[in-house]
Structures are given as C-alpha cells and as structure tokens.
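In the form predicted alone, a lone chain appears below as structure tokens.
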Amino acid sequence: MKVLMVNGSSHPNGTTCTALLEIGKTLAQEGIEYEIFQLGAAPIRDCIGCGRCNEQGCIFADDCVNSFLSLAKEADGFVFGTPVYYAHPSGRILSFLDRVFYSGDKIFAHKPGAAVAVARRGGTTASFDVLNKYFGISQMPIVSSTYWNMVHGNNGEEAKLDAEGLQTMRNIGHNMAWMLKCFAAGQEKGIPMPATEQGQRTNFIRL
C-alpha cells in the first residue's frame, strides 16, 4: 500500500514538508509506503474548462499535472499539503488540484484523502476547508485527526517546535494506515465497491 503526498509549497524543505514528513514517518512505522510529490516553483496552469482531457489527463502537458496523475493511478491514499497565503491555500496547489481532479477524477474515487494546512499564525482552518472540498465531490473518505490538520511555524525549524501540530500529523498517519488496512481487509473478504449513480446534471435555470 502506498500514500502519495503533495507538497503545495514552492519551498521543498519548508513548513509544509515538515508536516508531511511527520505523517510519512508514521505511515512507514505502520508498514505503509509513501512518496512526497513536490510542486516546486515552476508555473502551473489554471484549468480553463476546455473539456479536452484525455487518457493521460490534461491536454496541457507542460507542467507537473500529468506526471502526478500517472503516480496517482498506483496510489491507495493521498495527502495534500498547503502553506497559507492570505488565509487561503496557495494559488499553485488550487490550480494543480482543479486540473488533477477535473481530468482524473476516477483515479481518486473511494481512496482516502487528508488535507494539511501550515501557517505562521492564522488562516489554517479556512485553507483546510477548501482542500477538503475536493474529497467530498470525488467520493473520497476523509482522514481526520485529533485536531484540525494544521501545523504552525514560520519555517521548517519552527514547525518542529509545534508539539501538538506534529502530534496531529502523526495521528493522521495512524488513521490513514488504519483506513487503508480496513479497505484491504474488505477487498479480501469480497466486499464490492459501492455503486455510483451518474447521469443527472440538474440546472436550476428554467427558461
């Protein structure tokens, strides 16, 4: 089993990475493999709603979206981490997730996901809420913890001093591992995946 984590910061070794590594160490202790996918500082396109997604994912292949989707196909769970900018997730992770979920939505269904927000001070709960929206629309069970999934610090070294925040990250790791093991046990017992109704696209504008 493997968990794919996304560092939505342009800083590869900052506060967001510190939080994700704490989750990763716990997953490893639970026998779960993990990988951190770095968005980095290169430009990421917004989704323009062109409807031209293909079997690789997005038709625009000049950034990291499709390379992530190829890894996501083999992943069993996901963690998306973001720094807080103006009480909101980073613009780069939102552009990334809009295209990832729009072009590869079937990849994520029924796989657990966790959102993590890091900040110097405020805006974490609002950012956490925004990221959780992607899970809710994609049939993804949400991995919770013993507090909101957040870590505080102005840099990676300060984040290591947030004892409660790191405890929260470790509990995400334990809960993610437990959920993945339960899903695997269910599959071994022959429990089928849930049925999904599709086709209804109601608009509330009547001419």
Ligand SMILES: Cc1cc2nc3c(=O)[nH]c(=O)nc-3n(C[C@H](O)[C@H](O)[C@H](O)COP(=O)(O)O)c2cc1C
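When you see a residue number, it is the position in the sequence shown, counting from 1. Quick caveat: nothing in here was measured; it's all calculated off a predicted structure.
Just so you know, the form predicted in complex with this ligand exists too; it's not on screen, but the next bit is about it.
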Could you tell me which of 128-136, 112-120, 72-80, 92-100 sits within 4.5 Å of this ligand in the predicted complex, going by non-hydrogen atoms? 112-120
Is residue 25 one of the residues lying within 4.5 Å of this ligand in the predicted complex, judged by heavy atom distances? no
Is residue 165 close enough to touch this ligand in the predicted complex, meaning at least one heavy atom pair within 4.5 Å? no
How about residue 107: is it within 4.5 Å of this ligand in the predicted complex, going by heavy atoms? no
Any chance residue 153 has a heavy atom within 4.5 Å of this ligand in the predicted complex? yes
Within 65-95, the residues that have a heavy atom no more than 4.5 Å from this ligand in the predicted complex: 83, 84, 85, 86, 87
